[in-house]
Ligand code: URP
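Quick setup: one chain, the form predicted on its own, written in structure tokens, and binding and motion questions come after.
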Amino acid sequence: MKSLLIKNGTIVGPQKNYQADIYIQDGKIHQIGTQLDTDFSTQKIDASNLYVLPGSIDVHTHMDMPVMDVTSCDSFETGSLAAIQAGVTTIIDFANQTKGHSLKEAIKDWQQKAFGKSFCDYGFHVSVNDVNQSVINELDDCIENEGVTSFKTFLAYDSMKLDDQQLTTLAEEVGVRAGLIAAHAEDGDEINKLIDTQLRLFNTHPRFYPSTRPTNTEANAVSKLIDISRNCNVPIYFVHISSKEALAEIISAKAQGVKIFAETCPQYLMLNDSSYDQDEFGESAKYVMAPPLRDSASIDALWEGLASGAVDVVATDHCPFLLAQKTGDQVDFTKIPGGVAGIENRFELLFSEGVKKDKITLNKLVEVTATNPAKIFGLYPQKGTIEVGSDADIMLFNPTYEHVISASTQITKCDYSIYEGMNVTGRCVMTILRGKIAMHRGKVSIQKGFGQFVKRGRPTC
């Protein structure tokens, strides 16, 4: 593999920015210093006026994901291609266990979906839908040999949620093994009651969807899981926190020393629940996701949580569907597959709306999109940082590039964008993955399958 020398750029980490050159050899960062030089065979990259950032890590994606009777429209090939365009060098997707089947089968199924197709590196969580002694017996193998150290649980969705005994058992067993529980925190029983109420009133339009998943259903589930974290001595990672009420529970628990982490997503920072107030079923259906979009007070609270460190990670929950999949026969909002696209917009949105508007610092942006994800999910310091010995996963970012987000120019197969027409400043102009230039100014120079499976360790924070 050809060696690279990145010169004249501003390196940005979670704590500081500094001017330095980076010499890359054999896929690793070999040297960092000023006025580095090499022989003629080294490819030199001029990063003048650009930020040099660790490759982004998106720890919450759903490629080729079955939902209801449809499948998310991005495969590992198309979804990872969108990722590479945006400086995302690693994703962690969710391998879903089928009830009655093993965790290892789920991992094998998702390996088959990804192997030979992904442009970026990838790992897996396992979504656990069935807990029994056989599943518990698999945990050591998953963690020690498969490199899968995080296990997702649901408190919502009848087909996926665990009962209290199963949830407690899994939490205890994962805690003993120093693994991590990832949790979808919504009170499924209460949500089911609210859905039944709306349908009995013939309120089928997506505008009624948010009323079936109010903020208390999220906050109550978060509170329940915090008790489990405390009692079972297991770290819990809350995916896609959307409301100020849920965040308040997390802030209080963190102050008491409970080992928990919070993730939010760009959609909960950029958009509010007025998106559902559209007469056309299909236009409103675009924004159906779980949890739903919230009000402006929650948006403000989440930005404040990012700045303060209460929110640890911004991931995307990238789970896109074509508009035709979203609308189907337009029966009612319960038939709409939940999920949106976001993997190629996350960093530019956070930079434009967060850094440029002084809601967060550039260093915080690196922390929540690279360093923290790597530490929480056992990838650090191999990934998530620019250090000697780390993988040479690097994004070159132009902070002055102005453009408009549009479905007509996006890479994901999704045929609409929830950010359509939004003006943003900043764009990834080069992605380097394990020392190889993967994308330069929109042109991808690696083949599908270049992405490798990454075995993960335990949390390091």
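Start at 1 and count along the sequence shown; that's the residue number. Every value quoted in this text rests on a predicted model; they were computed, and no experiment measured them.
Absent from the display: the form predicted together with N-(aminocarbonyl)-beta-alanine. The rest refers to it.
Exercise. Hey, of 347-355, 217-225, 111-119, 154-162, which bit sits against N-(aminocarbonyl)-beta-alanine in the predicted bound form at 4.5 Å between non-hydrogen atoms?
Worked result: Selected range: 154-162.
Problem set entry | Residue among 235, 339, 210, 305 with a heavy atom within 4.5 Å of N-(aminocarbonyl)-beta-alanine in the predicted bound form | Contact check passes for 339.
Problem set entry | Heavy atom within 4.5 Å of N-(aminocarbonyl)-beta-alanine in the predicted bound form - residue from 178, 251, 290, 136 | After the contact test, the surviving option is 290.
Exercise. Looking in the predicted bound form, any heavy atom of residue 319 within 4.5 Å of N-(aminocarbonyl)-beta-alanine?
Worked result: Output for residue 319 is yes: heavy atoms within 4.5 Å of N-(aminocarbonyl)-beta-alanine.
For this session: Please run the contact check for residue 427 against N-(aminocarbonyl)-beta-alanine in the predicted bound form: heavy atoms, 4.5 angstroms, yes or no?
Result: No - in the predicted bound form, heavy atoms of residue 427 and N-(aminocarbonyl)-beta-alanine never come within 4.5 Å of each other.
For this session: Tell me, yes or no, whether residue 294 is in contact with N-(aminocarbonyl)-beta-alanine in the predicted bound form, where a contact means a heavy atom of each within 4.5 Å.
Result: Close contact is absent here: in the predicted bound form, residue 294 is far from N-(aminocarbonyl)-beta-alanine, nothing within 4.5 Å, heavy atoms only.
Exercise. Residue 375 near N-(aminocarbonyl)-beta-alanine in the predicted bound form, any heavy atom under 4.5 Å?
Worked result: Taking the distances in the predicted bound form, the answer for residue 375 is no, it never comes within 4.5 Å of N-(aminocarbonyl)-beta-alanine.
Problem set entry | Within 230-258, the residues that have a heavy atom no more than 4.5 Å from N-(aminocarbonyl)-beta-alanine in the predicted bound form | The stretch 230-258, when checked against N-(aminocarbonyl)-beta-alanine in the predicted bound form, contributes only 240 at the 4.5 Å heavy-atom cut-off.
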